[in-house]
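The chain below stands alone, shown as structure tokens; this is the form predicted on its own.
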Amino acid sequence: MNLDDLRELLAQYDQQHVLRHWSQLDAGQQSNLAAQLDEIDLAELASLVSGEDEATDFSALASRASSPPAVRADGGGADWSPAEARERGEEALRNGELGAVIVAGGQGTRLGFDQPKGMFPIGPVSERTLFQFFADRLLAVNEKYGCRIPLYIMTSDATDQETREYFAANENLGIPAEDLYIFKQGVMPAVDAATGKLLMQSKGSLALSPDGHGGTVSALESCGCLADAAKRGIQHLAYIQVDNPLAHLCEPELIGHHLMAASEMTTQVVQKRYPMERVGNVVLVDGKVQIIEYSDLPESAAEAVNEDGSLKLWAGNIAVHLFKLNFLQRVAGQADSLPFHRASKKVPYCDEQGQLVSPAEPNATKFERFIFDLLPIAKNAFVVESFASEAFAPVKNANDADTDTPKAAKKAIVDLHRQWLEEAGVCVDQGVQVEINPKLALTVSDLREKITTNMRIDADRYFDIPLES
């Protein structure tokens, strides 16, 4: 797009100011800015800025909300048993029906870690990174079920290069090169909250930010990952975010529940610990499964209880999902399938004089999409509850925070694996740190079988504690 075309296009939306420093840019900077502008749907942005999209009345929504269709952690709530679900999930794995998606666009800034969060060392004994946790799990699943699960990792501008370099330097963590796909999510521009004008990060670059985990769908489609999965015969994609080392990536029982419910999108949840816990609330409203964010849920609805005293809205979202591939293919072609959400943020910007301004208060509106907004349009959307101690240990904050810290996640890993060892008949002294690599055992049943068959456990290979006979 040449300069005249750019000016004409920008004038239609009163955004000509982004070219005010054009003459001061070199050819490369001009090309970069033109490319950024070419990627933006200015008509869509204008609609978002004007607020033409319909606002949600969350109070009214919450007043009609009830518990979603779900199988509970004890196996109740479904017409099939956990064992039947596990068998069906194992069959799907053996048939090569699964692919895996890891969302890994976040930096470890809140952890005090200046690299992509997936590179954070979380193993309490091994110091394996979050990426290693999931790579080892997929390799173990592949070996156990004789399958090849392709891994699609979504990065962002902030994490893409370092993530690629990390995998290249570590032999892809054992994943065959032909089964590993690293791709970037899209971006959205930030606008001035008062005027709706595009903000400039510098004289030659817009202030851009990732378009949210909801951007996974369009990114999978545009990068050819959906087409690759279809070519492989993949029928379902398992989705997790990289910051939860206990996430059940390609777990057979979860897959089986998804399949037996004939669901286009299945969401794993945990029971909320208290009414206003900072997790999304998975609910049923007007016959549709959806999520009401904790910040949007009225306190009265959050505290509502059933006759037995349990929370009426109990299901907390942990960002673990299963999708039918043809569902994602369908919604990828529908521009309005995922709405944008607004966030008020502090965004540094380049002013009229070309000086960088760092605002003290929120000055900008950012737009992002959330993957869970697919739930209301998914056929037979279903919910599977797991115990938090087995499925949810997010790593979001530094150790001096109250929740979601590396220290808490490591303790959760140790506690779970200690429980496995004890259930398998191994006595572990208090205070001993234990960690079981999935290459040794994916479940307590696997571990029990290895121990009862007197298989020697190699501590150097599996990073667990040496066991004495």
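Everything numeric here is computed off the predicted structure, so don't read it as measured data. Residue indices: 1-based, along the sequence shown.
This protein has a second form, the form predicted in complex with a small molecule, left out of what is shown; the following refers to that one.
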When the contact criterion is heavy atoms within 4.5 Å, does A391 count as touching the small molecule in the model of the complex? no
Is H321 one of the residues lying within 4.5 Å of the small molecule in the model of the complex, judged by heavy atom distances? no
Does the small molecule get within 4.5 angstroms of any non-hydrogen atom of K288 in the model of the complex? no
Please determine whether Q185 contacts the small molecule in the model of the complex, using a 4.5 Å cut-off between heavy atoms. yes
Among R128, K197, R72, H213, which has any heavy atom within 4.5 Å of the small molecule in the model of the complex? H213
Interface check vs the small molecule in the model of the complex: of N399, N306, S344, T109, the one with a heavy atom inside 4.5 Å is T109
Location of the small molecule contact in the model of the complex, chosen stretch of 351-359, 372-380, 250-258, 203-211 [non-hydrogen atom, 4.5 Å]: 203-211
